[in-house]
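Given next, in structure tokens, is a single chain: the form predicted on its own.
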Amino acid sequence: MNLPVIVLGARGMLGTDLMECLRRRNIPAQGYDLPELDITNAGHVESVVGQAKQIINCAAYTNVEKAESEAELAFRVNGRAVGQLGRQAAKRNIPVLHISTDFVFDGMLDRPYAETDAANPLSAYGKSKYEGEKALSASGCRFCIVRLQWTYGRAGTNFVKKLLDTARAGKPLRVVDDQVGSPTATREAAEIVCRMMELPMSPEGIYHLAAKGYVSRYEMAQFVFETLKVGVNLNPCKTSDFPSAAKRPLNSRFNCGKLEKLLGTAMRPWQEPLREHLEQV
């Protein structure tokens, strides 16, 4: 029987692009999301794990601000449920590729983060995602953790969409210039995840995935509006100018050398996929 790849969180930003990528590559795939699959429901998880050749887990609680007041829910979805998924997969020797985040780091390093750097999340969201990483690694399953950052895509809410919505409303924009990272298209991330799955041996361990090069949020916003030739009242500010419930890492830069070595190719510069995305939207 030709078992499918199971994608959890299939209608989210990354999940949508993953499902399209799998179909383009003629990889049998089945996607699940709320309400038909709740990753915190052991019965739901058991029913789909038994159908799978491999599992890609994109399901997550992602509201960084609300996680501070809904920490129990964030830890249940991002932490305990991931461990439960891993234990179910271990029983059947099914590999799990799990999506994590740059928020597992505190952003205090003065260089890009490698997979071997110690995690020290600042927020409830980051702590819940790190809890999921630890729970998966302790579950006994064959696992691969792919950490992403600054993602944008056609589905869901993201920084690029918020910029464009604010500009269309004619409102002035203040964007932080002290948070630095790599804008990463979910379409690019999906292609790389599919390539990882097609390798002769399923990769295991932790990998950092981000576009090549680094930029501040403010510089990213400048690029978006200059590319679209949109006039907007855009001004730089500091993270401290925005009181928020959740703390965010100022340095989200990733060292992607481990993944580049695995695939034998370099990441694309962040400007190229972002320009392509803007042409489509």
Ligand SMILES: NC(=O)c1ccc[n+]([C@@H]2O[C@H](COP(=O)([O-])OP(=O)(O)OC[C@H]3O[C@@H](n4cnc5c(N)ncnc54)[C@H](OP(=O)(O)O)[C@@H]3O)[C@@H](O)[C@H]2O)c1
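These numbers were taken from a predicted model, which means no experiment stands behind them. Note that residue numbering follows the sequence shown and begins at 1.
Below, we refer to the form predicted together with the ligand, which is not included among the displayed structures.
Q: Is it true that R111, Q179 and A211, all three, sit within 4.5 Å of the ligand in the model of the complex, judged by heavy atoms?
A: The answer is no; none of R111, Q179 and A211 reaches the ligand.
Q: If the cut-off is 4.5 angstroms on heavy atoms, which of these, S240, T40, S69, T227, is the one near the ligand in the model of the complex?
A: It is T40 that has a heavy atom within 4.5 Å of the partner.
Q: Which residue among W150, F143, F105, Y207 has a heavy atom within 4.5 angstroms of the ligand in the model of the complex?
A: The residue from W150, F143, F105, Y207 that makes the contact is W150.
Q: In the model of the complex, which of 46 to 54, 32 to 40, 243 to 251, 230 to 238 comes within 4.5 Å of the ligand (heavy atoms)?
A: Of the options, only 32 to 40 has residues within 4.5 Å of the partner.
Q: How about Q88 - does it come within 4.5 Å of the ligand in the model of the complex, if we only consider non-hydrogen atoms?
A: No.
Q: State yes or no: in the model of the complex, is some non-hydrogen atom of K258 no more than 4.5 angstroms from a non-hydrogen atom of the ligand?
A: Residue-level check for K258: no, no contact with the ligand.
Q: Can P273 be called a contact residue for the ligand in the model of the complex at 4.5 Å between heavy atoms?
A: Because no heavy atom of P273 falls inside 4.5 Å of the ligand in the model of the complex, the answer is no.
Q: Heavy atom to heavy atom, is S123 within 4.5 Å of the ligand in the model of the complex?
A: No - in the model of the complex, heavy atoms of S123 and the ligand never come within 4.5 Å of each other.
Q: For the heavy atom contacts within 4.5 Å of the ligand in the model of the complex, list the residues of 100 to 117 involved, in sequence order.
A: Residues within 4.5 Å: S100, T101, D102.
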